[in-house]
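A single chain, nothing else alongside it, follows as C-alpha cells in the form predicted on its own.
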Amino acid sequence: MNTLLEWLLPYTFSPGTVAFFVLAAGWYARGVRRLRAEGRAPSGWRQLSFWLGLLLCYAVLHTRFDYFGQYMFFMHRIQHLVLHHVGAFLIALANPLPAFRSGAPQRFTPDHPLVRALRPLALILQQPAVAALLFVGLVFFWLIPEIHFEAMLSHNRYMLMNWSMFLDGVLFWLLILDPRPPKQTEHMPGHGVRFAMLWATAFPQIILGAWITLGPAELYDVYSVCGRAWPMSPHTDQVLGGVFTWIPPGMMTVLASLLVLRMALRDSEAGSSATAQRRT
C-alpha cells in the first residue's frame, strides 16, 4: 500500500496542475449529465475514452512517473508520447466539446469578452498548415539538445515544455478527429486535408526518432549530469528514447488515418443517400 501511494503522489506538487484536471473533469461530468437529461449524452465508449485519456495525462504529469521522466531520457519520451499522442488522442476521440459547451458556466456565452478574445487565436490554430507545423515543430524544438538541456534544468521551462506538448496535442487531434461532416462545419478541413496533415507530420517525426536511435552517442547529456534514476548506460537510454520517438507516433498516424478514412466513407454514403432521396 505504501508503494502504491508513493507512485500516486506527485514528485513535485503543482496546484495549477491539480486545478486544471479537477476543473476539466468536473466541467465534462456536468456537461455529460446535462446532455443525458436532454437525451443527447455521448456514448459509453466516448466517455471511457475521455476519462482514460485524462487519467493517462495526469499520471505522467503529476505522479511518481514525473520523477522518472526527469531522470531517464526514454521515460521522458514515454511521457511526451502520452501527452502529445496517446492521451491527447483519446481525449479528442471522445469528442468532448459538446459536453464542455453544455457544462460551461452560464457566464461563458459566445459574447463573453474572454471567449471573443480567444476566438481569433482559435481560428489561427485551426488552420491546417499552422496546426501541422506546431504539432511536429514542438517535438523538434524541445528535442534540440541545447534547448532540451536548459528545459530539464529549469522547473518553469520543464513545465512549459510538458504543457505545450499536452495542449498542442489535444488541439491537433481535435482537428483531425472531429466527427462532424466538414461541409457542415465552418473552418473545418476536409478529410483529404486531414489525411495529408497526418502524414506531413509523421515523416519528420520518424526521421527524428531514427536519428536519435542511430545517431551520435549521448545527444542528451543532461541525464548524465543530473544522474539517472536507474543504472542504465547513456547509449541504451538514448536508443530506447529514440525508439519511442520513432515507432509509436507512426502507429498513431496509421490508426488516425484509418479513422479519417472511416469518417470520409460515412459522409460519402450519407451524401449519396441524401442525393438518392432527393431524386425520388
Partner chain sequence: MMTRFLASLVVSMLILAGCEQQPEWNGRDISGLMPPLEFGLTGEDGDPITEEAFADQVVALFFGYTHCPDVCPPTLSRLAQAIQQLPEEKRDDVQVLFVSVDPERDTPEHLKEYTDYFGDQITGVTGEIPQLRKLAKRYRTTFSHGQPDEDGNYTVSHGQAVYIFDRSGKVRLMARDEMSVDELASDLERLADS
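Because the structure is a prediction, the values reported are computed rather than measured. Positions refer to the first chain, counted from 1.
Below, we turn to the form predicted in complex with its partner chain, even though it does not appear here.
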- Query: Which residue among 180, 116, 101, 157 has a heavy atom within 4.5 angstroms of its partner chain in the predicted bound form?
  - Reply: 157
- Item | Heavy atom within 4.5 Å of its partner chain in the predicted bound form - residue from 71, 74, 166, 195 | 71
- Message: Taking any heavy atom pair closer than or equal to 4.5 Å as contact, tell me whether residue 55 reaches its partner chain in the predicted bound form.
- Response: no
- Can any non-hydrogen atom of residue 153 be found within 4.5 angstroms of its partner chain in the predicted bound form? yes
- Indicate whether its partner chain has at least one heavy atom within 4.5 Å of a heavy atom of residue 216 in the predicted bound form. no
- Partner proximity in the predicted bound form: residue 40 to its partner chain, non-hydrogen atom cutoff 4.5 Å: no
- Message: If contact means a heavy atom within 4.5 Å, which one of 207-215, 246-254, 222-230, 31-39 is the stretch that engages its partner chain in the predicted bound form?
- Response: 222-230
- Query: Candidate spot 3, 6 and 21, all three in 4.5 Å heavy atom range of its partner chain in the predicted bound form?
  - Reply: no
- Note on the structure: Taking its partner chain in the predicted bound form and a 4.5 Å non-hydrogen atom cutoff, the residues of 5-25 making contact are 11, 12
